[in-house]
Each structure stands twice: as structure tokens, then as C-alpha cells.
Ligand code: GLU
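This document starts with one chain, in the form predicted alone, laid out as C-alpha cells.
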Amino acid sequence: MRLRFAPSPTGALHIGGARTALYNWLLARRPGADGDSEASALVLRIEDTDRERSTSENVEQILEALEWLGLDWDEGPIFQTHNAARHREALEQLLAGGHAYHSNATSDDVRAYKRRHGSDRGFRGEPESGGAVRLHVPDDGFTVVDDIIRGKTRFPNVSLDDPVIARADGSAVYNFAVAVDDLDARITHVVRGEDHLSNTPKQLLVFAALAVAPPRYAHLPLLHGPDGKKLSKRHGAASVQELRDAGYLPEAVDNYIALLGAGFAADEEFFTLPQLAERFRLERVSKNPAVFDERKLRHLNGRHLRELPADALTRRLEQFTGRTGLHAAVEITREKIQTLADFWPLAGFLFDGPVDDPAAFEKVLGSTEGRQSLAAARAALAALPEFSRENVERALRGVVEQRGLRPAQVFQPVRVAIAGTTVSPGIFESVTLLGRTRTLELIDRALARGAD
């Protein structure tokens, strides 16, 4: 089995493209895939025939995204524009064999042809000198796309236009270049999004004209947002880089997008890449659109975070935040965060001091009762012979009992004093990590502010 992932470098790698790359990778890395005697291979091809929109910066973004996801390739990257000489050779073969012809017909000419012959009649041009090159489409019969996921789709040849396969300057257009490149790379399976389905008959006609067998095709259903509309930026992160910058782990992204429409059981959701490669089957992929829900990704990402050893999670967080010395804070926050980006808003006060949240201060410490609870907590903490987590908890719970209050009526004033807001890691763990001197200093500062 020889597969290819062939992105166009006209933008960042979006989530649908990442799923396509992942599915190709899973097939290529499946143990004993299809019982082939030859090892499966994944070819990376950069389809840069859109010369105006393709940029080297976008190529780098795509390569960076694939590497971040842990998706390697066996051959490439091969740039489609670098195969121009081979495209011209195949073009001359078709011209010489009468399968293609030069034409000066414009889009207006095509519309006029359809008005004369009927809108369901494909454009048929007349050979001319110069101009673009069009492929002859037979007037009868069907071009059949035998899709692994969608089954057979029959396209009446009479309704297909003679497609342009090369520009007037001899440069190949997309569908012709793709077919020639797939032929030369010995691609056996083309797995891509269903937005390419309309291109497939044109590519099959090229293979037929070249008298070679085409690859098998599988067109993946598109991804939708939770509202049922095509996935876009309005649903949140739209590209792999945006997911990375939002603090998701690559293994969680791989895990989640692999599940989208792949036909796994409802109670199966947590997998590593090798496990996915072993279990994934293209034949089980649904033909219906799959829903990308970032809330579900967050949940799964949280599971992956908690599976990491503390040292490994600390390294990831230090790289993400650009800070060092985070291990102790990671230990007390790991159960409360779902992404790497959740960590600093929760634990940053441990390093940079409390945030300024006037609303939280007024709500919790704006009353006499709140300040009295905080003062009692300070006295209990100051009296501890040893500032351990167990002793901190015993002291603060003792204040709750002595004053006949609910735990939140003591814990929240302490939390706002040390963190500046009402959200933090566990209060006992946070106070212990800050230490006696720093905790009492912050409480005193909050009490002085409340007295103003």
C-alpha cells in the first residue's frame, strides 16, 4: 500500500487536512497492512501549482504542523512544480496519441456551447493551434468513481466537459499534474476529503488516456462544527497551529481527530498513535459528516495531561510558558487543568503574586465577616510549629469549626488574599507551597487593603 498526503501550501494546515494526513499515516503504519509483501509507504507531496497563493512560509507551517502531530513520512516532500518536465512529457504523449488537443476556447465559449447543446451536455472543443490543452472525453459511457467509503458514483461522460489539463504556456493544471504524480509515485490508495470528489472523474480520465490503472480512492466526509455547519474559525481553533497555541497536546489532537467518523465504538476513545494504527480500518469510516467539538477535545486532552508523569508534564508546561521551576506547582494543579494554557491563569500567582481582581476582592473581603475570617486564618497559620500541608489543613479547618462557618467562608478569604481571585489550586496545597512567610505577607497586605 502506497499512500500520499498532498496539501496545497496556500495556508496553514487546517483540522480537516490534519485528519486526512493522520488517516493516511495510520494506514501506512498499520502492522502488516493488507498483508502486503512490500512495506507500506507514505509520500508527502506539496501541491504548489497555484503559483500565486503558494508560499514557502505556508510550506514550513505545514511541515511544522505534521512534525508536531508526530506524523512522519517515507518519501518527500516532493514539490509538484519540480515535476514540470515530467508533466510536459506526459502531455506530449496525450497530444501525440490524439487524446488531447489545443484549444483557445474561453469560459464564455463553454457557456455558449452548453446553451446550444443543452446544459447537461459537456463542452467538446475543436482542435486549434496554440492555446490551452484539453483532454478528450468520450461521448458515451460513464466514468465511475469506485470509492472505498462512498461506493460507486457514475458520471455520464456526455455531461463532462473536456477539461483543461495544461495552460497555453504548457504548464500542467492541478488535475493533470495530480494524476501524473500519483502514477509516477506508484500510489495505490488516495485518501482525501470529499471536496476533491468532483476532481476524481477528471483524474480517472487522465489515467484512462495514459492507459494505466488508477489508484483506489476514498473520500473522507467533511468536518462540521456542533451547529452542523462546515467547520470554520467561528467554531474556535481552525488550524493545527491554533490548537498547539491553545495548549492542546499533539497526542490528544491525534487521538480526537482520529475518532471523527472512523467508526470506533462509542465507549472507545483513549488511544495512542500505535494503537490507532493497529485498529483503524478505512472501510469503517462513515460517509456522513463528522462533528468536531472542541469541548470534547478539551476533555480528552485533560485525560492525556493526567496520564503524563509529573516530570514530563512539567517539561511541556515549561516549554509552553517559557518559565522554569514549575514542578511543585504542576503537582498541585494537574487534576484541575485540561490544556497547557489553563495552567498559568490557575497557578501564576504562585510565581508572580496575586492578580488584581477587584470584583473578587469586594465580594469576599469587602465585608467585615470576610476580613475577620481571614484574620483568624492568619493567626492559626502563624501559630503552626511546622508549616506542612497536613498542619495547614488542620489549622484552617480548625478556624471553620471554631467560628461555626462553612468551609468556603474561611477558605475563600485566604484564596483571594494569596491568589487575588476566587480560583486557585487546592487551598491547602497552595498555602503550603507559598510557605509561611509569603502567605502571611499576602494576608497582611489583603487585610490592610480591606481596612482602607
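These numbers were taken from a predicted model, which means no experiment stands behind them. In this text, residue numbers run from 1 along the sequence as written.
Same protein, other form: the form predicted in complex with the named molecule, not shown, and the subject of what follows.
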Practice problem: Check each of Y113, F207, F320, Y174 and return the one that places a heavy atom within 4.5 angstroms of the named molecule in the predicted complex. | Solution: Y174
Quiz item: What is the one choice in K202, H189, R192, H87 with a heavy atom within 4.5 Å of the named molecule in the predicted complex?
Solution: R192
Self-check item: Non-hydrogen atom contact L243 with the named molecule in the predicted complex at 4.5 angstroms
Solution: no
Practice problem: Please check if A6 has a heavy atom lying within 4.5 Å of any heavy atom of the named molecule in the predicted complex. | Solution: yes
Self-check item: the named molecule contact in the predicted complex: K296, any heavy atom under 4.5 Å
Solution: no
Quiz item: According to a 4.5 angstroms non-hydrogen atom cut-off, is V178 in contact with the named molecule in the predicted complex?
Solution: yes
Quiz prompt | Segment that reaches the named molecule in the predicted complex - one of 274-282, 192-200, 142-150, 115-123, heavy atoms within 4.5 Å | solution = 192-200
